[in-house]
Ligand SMILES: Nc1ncnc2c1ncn2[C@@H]1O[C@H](COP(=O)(O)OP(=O)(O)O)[C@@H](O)[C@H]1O
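A lone chain, given as structure tokens: the form predicted on its own.
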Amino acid sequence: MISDEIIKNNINNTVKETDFSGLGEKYKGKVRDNYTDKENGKRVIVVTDRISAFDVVLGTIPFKGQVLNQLAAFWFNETKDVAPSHFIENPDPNVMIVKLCKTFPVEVIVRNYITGSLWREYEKGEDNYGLGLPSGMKKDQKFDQLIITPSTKADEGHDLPMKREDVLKLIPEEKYAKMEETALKLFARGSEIAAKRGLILVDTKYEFGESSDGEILVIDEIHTPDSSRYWIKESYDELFGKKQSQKMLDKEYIRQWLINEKGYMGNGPAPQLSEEVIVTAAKKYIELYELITGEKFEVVEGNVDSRIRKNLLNKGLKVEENG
């Protein structure tokens, strides 16, 4: 397992933002910097080390971008028989080259347990998805069957809950039904692999796009600690019975620290992450990578920006030398 010292030595060696002029038109997401090359029908995605919670960027976590990018590639390969994706190749640990497609403006969230934001809404008596959940549920309780809670895909600010009838105002029903069907199949595969690794895939979000020839593709990332919630399987029953928080290996650690230690849920100036929180978060990301893939995480130290630039140039991509 990676040492605290290595993480601390790389706290300032992270990628917060990129400016690789020449790759194409840039779009900055919460975590990814996207460069669109319309001429070649491709997009270069640079996964930065930015960490966000409650849709607010809080800073950077060492090696986070590498973990997310390599895990996404792992999952795209593990699910390619379930659903086609936009993935083409990884020219760098933090970079993915993908097929260009039109993004659907909805995130499809599959949930197997009531926890996180859904639990907080349930406690308030809110039903923002029109699901009619049964009364008397307990925090972290498993649903009788998987549920889907779609949300808006916001360019800035908070993603908002949507009811299915609202989604169908934006996306034709046959296409959204295909997205729902694919999301459930992907979740089943993800749960199967996670269980073999001693993990529970609690919930996750999927994003979809449409290729130029009309094929619906899985895009962005799947089953990463930024898009998914994971718990340790062997301790679930005991902790649930004691009404204690589950052992988690995902971004929820950051959310809980913000809520419980700082009273922050996305409104107002974001608190600064402490060194302890940064180190712990990095270790959780890396631990999850190793658990899921069964492989040791290969730490790539040094200036990340320079390495990415070099690898893109070696790939023959048009990266301006001076950024």
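Start at 1 and count along the sequence shown; that's the residue number. No experiment lies behind these values; they were computed from the predicted model shown.
Although not depicted, the form predicted in complex with the ligand is the subject of the following passage.
For Arg189, no non-hydrogen atom is located within 4.5 Å of the ligand in the predicted complex, even though that partner is not displayed. Though the partner is left out of this view, Lys99 does reach within 4.5 Å of the ligand in the predicted complex, counting heavy atoms only. Residue contact check for Thr280: none of its heavy atoms lie within 4.5 Å of the ligand in the predicted complex. At the 4.5 Å threshold, heavy atoms of Asp220 reach the ligand in the predicted complex. Note on the interface: of 289 to 297, 270 to 278, 256 to 264, 22 to 30, the segment with non-hydrogen atoms within 4.5 angstroms of the ligand in the predicted complex is 22 to 30. The three marked residues, Asn34, Ile45 and His86, each reach the ligand in the predicted complex, with a heavy atom inside 4.5 Å.
This chain lacks the partner; the member of Glu207, Glu121, Asp140, Glu78 within 4.5 angstroms of the ligand in the predicted complex by a non-hydrogen atom is Glu207. Only one of Ser212, Ser235, Gln244, Thr103 lies close to the ligand in the predicted complex, with a heavy atom inside 4.5 Å, and it is Thr103.
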